[in-house]
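This document starts with one chain, in the form predicted alone, laid out as structure tokens.
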């Protein structure tokens, strides 16, 4: 493929908006994603059909002749203004004038006894599997963790005839009430929240509640929950558990972009600390669909040189950022969750490393050297966020390849000078 004016990494809402707006200016645009279809996790197609909002953006991108490179994963940056991506049938080097990183986010998992049992999974993970064909009809499901995603997943499961036993939200009732008052400034969000709660009538929604242990012999059979002074066991087939989201910053770090508070730092035009490298969406901080879209639009215009058009969207972005701040404050994981794992509880499930072994080290680097924590196939994407929450350690570096990659792809990619 020839070089393009604007290359977008990630085809979720932010990536689609960025690619579309950049292409509208007349720039040549390519969009890369490791999924077979655009839409990202939030707009993942169900039964082969994209949600209506996603379909509009996808159609617009197609109309403006955005080049779609599916099933491709970035693994290295071999030279300035070039990245290397791997596909199932080989690898590509792509050149660009401007790069937009719309790499999204992943769920935060916090360890507790039994969290590695089969059928214990992320809230969004269970929803993605159900959309891909996992049968949930009649299955007993407990949904736990933190954030609005829990409600969206519960609604989807209920609509597909699952038996949702309860929703366990770790945030306090007072925090949620304060968040509800902040929603008054965002009528669309308020209507959405009321609609979600109305759709879930009859399903217990318990605040200040979280799982303390998952139980079962060969797979999950029950989960023990704690709320105040009460502890009880709920039988279930699936435990969908996620404590918020963590920005995906690995590619940004690989390129040398500055990070701040675990997110990609950007200026008013969504440009990172590297000239002509932009970032938008959850990679710059968790803020929801509307913020991701408007950040993507700003980044797309700016990357294509249409800064004046980007500035017309600043006010909308500011409104959605205020919502994001309220969201972060209301659903931040509470200190009590640090006491969930025992010394023998696995923290790094790739390398079978327990909390006790990690805690015996003085920092992240020593833990990696002595225990291989964070050295497995996920490269710390699961245990990294958990260790940061539990012990306050942050990953010190990102090295290529940022994803598991075939040796053949590595040998064919020219290393950086």
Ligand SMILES: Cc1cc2nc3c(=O)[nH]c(=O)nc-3n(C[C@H](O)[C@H](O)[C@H](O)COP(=O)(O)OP(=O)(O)OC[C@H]3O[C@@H](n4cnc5c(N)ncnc54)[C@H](O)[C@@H]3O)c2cc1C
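The model shown is predicted, which means the values in this text are computed figures rather than measured ones. Positions refer to the first chain, counted from 1.
Another form, the form predicted together with the ligand, is not on view; read the next lines as being about it.
- Message: Given a 4.5 Å cut-off on heavy atoms, tell me which of 370 to 378, 353 to 361, 25 to 33, 59 to 67 is the interface stretch with the ligand in the model of the complex.
- Response: Contact criterion met by 25 to 33 only.
- Message: Please identify the residue among 223, 303, 102, 264 with any heavy atom within 4.5 Å of the ligand in the model of the complex.
- Response: Looking at 223, 303, 102, 264 one by one, just 102 meets the 4.5 Å heavy-atom criterion.
- Task: Sort through 326, 129, 337, 152 and report the residue having a heavy atom within 4.5 Å of the ligand in the model of the complex.
- Result: Contact check passes for 152.
- Message: So in the model of the complex, is the ligand close enough to residue 289 to count as touching (4.5 Å, heavy atoms)?
- Response: Because a heavy atom of residue 289 falls inside 4.5 Å of the ligand in the model of the complex, the answer is yes.
- Query: Might residue 42 be said to contact the ligand in the model of the complex, defining contact as any heavy atom within 4.5 Å?
  - Reply: Close contact exists here: in the model of the complex, residue 42 approaches the ligand to within 4.5 Å, heavy atoms only.
- Message: I'd like to check something about residue 403: if you look in the model of the complex, is any of its heavy atoms closer than or equal to 4.5 Å to a heavy atom of the ligand?
- Response: The answer is yes: residue 403 has a heavy atom within 4.5 Å of the ligand.
- Contact of residue 72 with the ligand in the model of the complex (heavy atom, 4.5 Å): Judged by the heavy-atom cut-off of 4.5 Å, residue 72 is in contact with the ligand in the model of the complex.
- Query: Listed by sequence position, which residues of 11 to 34 have a non-hydrogen atom within 4.5 angstroms of the ligand in the model of the complex?
  - Reply: Sequence-ordered list: 11, 12, 13, 14, 15, 32, 33, 34.
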